[in-house]
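Next up: just one chain, as structure tokens, the form predicted on its own.
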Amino acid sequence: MMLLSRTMCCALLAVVLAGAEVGAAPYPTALINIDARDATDLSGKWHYIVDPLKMGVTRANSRRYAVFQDVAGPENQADFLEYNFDASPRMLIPGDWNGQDVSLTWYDGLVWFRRTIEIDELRAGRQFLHFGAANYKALVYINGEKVGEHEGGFTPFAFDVTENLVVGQNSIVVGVDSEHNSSSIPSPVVDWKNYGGITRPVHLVSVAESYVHDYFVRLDSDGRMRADVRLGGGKVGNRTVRVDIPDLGIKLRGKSDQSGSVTFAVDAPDKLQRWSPATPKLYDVIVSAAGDQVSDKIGFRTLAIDGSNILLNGEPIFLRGISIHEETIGAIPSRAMNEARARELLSIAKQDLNANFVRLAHYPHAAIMTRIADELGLMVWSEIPVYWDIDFENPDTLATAKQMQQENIIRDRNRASIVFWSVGNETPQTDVRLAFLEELISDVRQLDATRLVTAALHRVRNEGRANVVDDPLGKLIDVVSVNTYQGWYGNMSLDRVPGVEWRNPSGKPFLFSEFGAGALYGFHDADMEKFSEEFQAEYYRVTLEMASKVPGLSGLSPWILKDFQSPRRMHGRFQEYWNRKGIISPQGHKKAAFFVLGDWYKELASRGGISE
């Protein structure tokens, strides 16, 4: 690579490296940081048509069933149509259909959505139709013409619709199919509710003909600040690119290579305040090129491993965590996570539970979650839903996983809060699974070498009273994490849990990525029947006692903050299709176990030598 040096106003040396590398999967079409761009929010009520037989796909050649054409007819009997968007009901987008239409509470299948927009004049530059996420497969049409499709229910995607828009009324039709199959990620059987629909915001984004597609600004372990910028559109080569961090006096200038990429490096100034849970400092960063400009708020910190320790900004840190599903608080929960709902969940973790870490399971959560984690000072575990027994032998499944992982990383790698990229949860110990995950791990490190790679393991080998965590995947990841439920599943009594020993032969940092027990809020039993608050609280006491004895333990993220819906949990007395392992109820009421964990975390935080 060519090295160019320039003298900046802050008298620091900047080096421009042409040609940032990208992962093996197709580069994501989604722009990052939509809120900082010229974007029209298409949130609101969209008409919808439920298509349980998927006629709009299987009979797409028949005008009678071609829902995506959004024809106004019928004008006569010969032109009879089986659909009419204008006569159909409406629901809020972003939002899942499960909580908005009682008939769709457990529906898995295809629903068509339509919204019309009026355009007075066609704008110069390029127009993108951007989706925060749609679960699981999306077919997107404008004015009856297909503009693209996307698979993966939790990551952003976008299509260039510059040539599809017209002056006057434009019809946007999106078919969303929530049904999974054996090659999907995840597969059909999971332990959470499969919320279908356009679950995250939709925007029509206007950019210049050449524009800032994405960027990655960070502090590397060598003490240098680096910024990768990638341009999109036409004429991306030899364009002046600027990165400014006004509060630090940093002004970087360089030229893009023929692919539209440029990388800057500059020594970190002495006055840089590093991001941490105790001081979650964010800096205004401005990236501009070719008449386009995007502003962001970014924190700078370093992560490293020293034996069994995780180092944040060079100091050991213990992760006082909790796991969270993307589900709002309320009797009828939703996956539509706005700022208020995200702040409510994360503030309970940070302020009430005394946590400094959240595991956002088991899929990429909404961008607003990681934004608020940045602001509040919560470290984040982010993972893709390579979950249980997906089809590890299927190359199409691997391609989907690689694309999903790349879309997630590129969206969120500017978020200082993210400390782990997780490549999977509770996957079987097979050679084909190991090869599958090895490819994903390689891609993670190519896309972002500043974070640690992990996965939630669950198979252990017993040696007497000791659980030995020797999954071969442990050799490939940076942090060994394991899910354990002794005292809840199986026959172990609670009084035996504190004596359970753990061995981690890898010598790497070790986490309990899950442990937990169910409790129905308000159910009390002095004899500690399972599903009583007393049993759950005692489970937490003995499990935390066990954890306190584990040598080299770097943190934990118990399962889970809030009860969440799951069709696998059919027990009529205690569950009623809710997983009750939350330490708060669906409405946000705190169970007894919440205070056990919160007090333990408060004590940990107060001890000398444990970083905030």
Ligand code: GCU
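Each residue number is its position in the shown sequence, starting from 1. Fair warning: this is a prediction, and the values are worked out from it, not measured in the lab.
Keep in mind the form predicted in complex with the named molecule is missing from the figure; the text below concerns it.
Residues within 4.5 angstroms of the named molecule in the model of the complex, judged by any non-hydrogen atom, belong to 421 to 429 and to none of the other stretches in 442 to 450, 338 to 346, 403 to 411, 421 to 429. The listed set 107, 388, 283, 521 contains one residue whose heavy atoms approach the named molecule in the model of the complex to within 4.5 Å, identified as 388. When the named molecule is considered in the model of the complex, only one residue from 54, 569, 47, 63 comes within 4.5 Å through any heavy atom, namely 569.
In the model of the complex, none of the heavy atoms of residue 193 sits within 4.5 Å of a heavy atom of the named molecule. In the model of the complex, no heavy atom of residue 585 sits within 4.5 Å of the named molecule. Using a 4.5 angstroms threshold between heavy atoms, residue 579 counts as touching the named molecule in the model of the complex. With a 4.5 Å cutoff on heavy atoms, residue 489 counts as touching the named molecule in the model of the complex. For the partner-free chain shown, just 362 of 349 to 371 comes within 4.5 angstroms of the named molecule in the model of the complex, judged by any non-hydrogen atom.
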